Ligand code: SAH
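We begin with a single chain expressed as structure tokens, specifically the form predicted alone.
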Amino acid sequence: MKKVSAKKHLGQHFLNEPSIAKNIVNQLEYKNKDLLEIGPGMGILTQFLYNKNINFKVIEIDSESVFYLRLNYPELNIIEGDFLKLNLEEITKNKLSLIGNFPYNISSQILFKVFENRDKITEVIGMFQKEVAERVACTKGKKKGILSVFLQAFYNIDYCFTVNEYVFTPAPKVKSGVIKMIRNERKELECDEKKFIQIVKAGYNQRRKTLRNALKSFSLNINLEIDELLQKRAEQLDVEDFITITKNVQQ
């Protein structure tokens, strides 16, 4: 059967190097018996997961890819639809692992959905645009952003390896990066989560300013520790620092 044609509007770039696909799959720790692959395309990752002793499903929005997968993996459990609209509770009541070569155009949205479902999703192995992968895994520095802080609050994140452009069809204009996210022990934040989100967003929305200026709209209890943090910029803080600031927001 002819190969699936990559569709630009879906951000499709098909990985065509099996050894890299196997390396991505090898990052899985199989924390859960339930595994969902997002956007399998022609099954470059799927082939290494298909016969595992796990509850394995894939979700694919592209009907041509779905047709291809059904022909080549007749027993594969395929959900035809959009992961961003998927109710995860409807596919399993158990904890869930995610894997995928994620489309660049929705990668941040996928990660925000992971954050929102952090008590459900305990493991993520994903390939992203290299810049996004580095940003998510970065603990301090200019590459770090809002999503980095949110995810690092609940996941231990490792940058695994870089993937060059020429192993894709069509070749993207940028390199890719694979990251591994494992849910940490934190059940909930030690502060008001809504305020935490507001503080992080405010800090990064004016990232060139010190936090003293970026957080002017918040009334803070100022002490020696807070005063020291407010002299820094958002990119210089870690999750615990943002929690500390949030704890000191006046009600």
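Residue positions are given as counts along the sequence shown, with the first one as 1. Here the structure is a predicted model, which is why all the values come from computation and not from measurement.
This protein has a second form, the form predicted in complex with S-adenosyl-L-homocysteine, left out of what is shown; the following refers to that one.
For the three marked residues, Gly11, Gly41 and Phe83, a heavy atom of each sits within 4.5 Å of S-adenosyl-L-homocysteine in the model of the complex. In terms of contact with S-adenosyl-L-homocysteine in the model of the complex, the residue from Ala153, Ile106, Val132, Ile157 that brings a heavy atom within 4.5 Å is Ile106. Residue in contact with S-adenosyl-L-homocysteine in the model of the complex (any heavy atom within 4.5 Å), chosen from Val25, Leu229, Leu15, Val239: Leu15. Within 4.5 Å of some heavy atom of S-adenosyl-L-homocysteine in the model of the complex lies at least one heavy atom of Ile61. In the model of the complex, S-adenosyl-L-homocysteine sits within 4.5 Å of a heavy atom of Asn101. With S-adenosyl-L-homocysteine left out of view, the stretch that reaches within 4.5 Å of it through heavy atoms in the model of the complex is, among 31-39, 193-201, 214-222, 180-188, 31-39.
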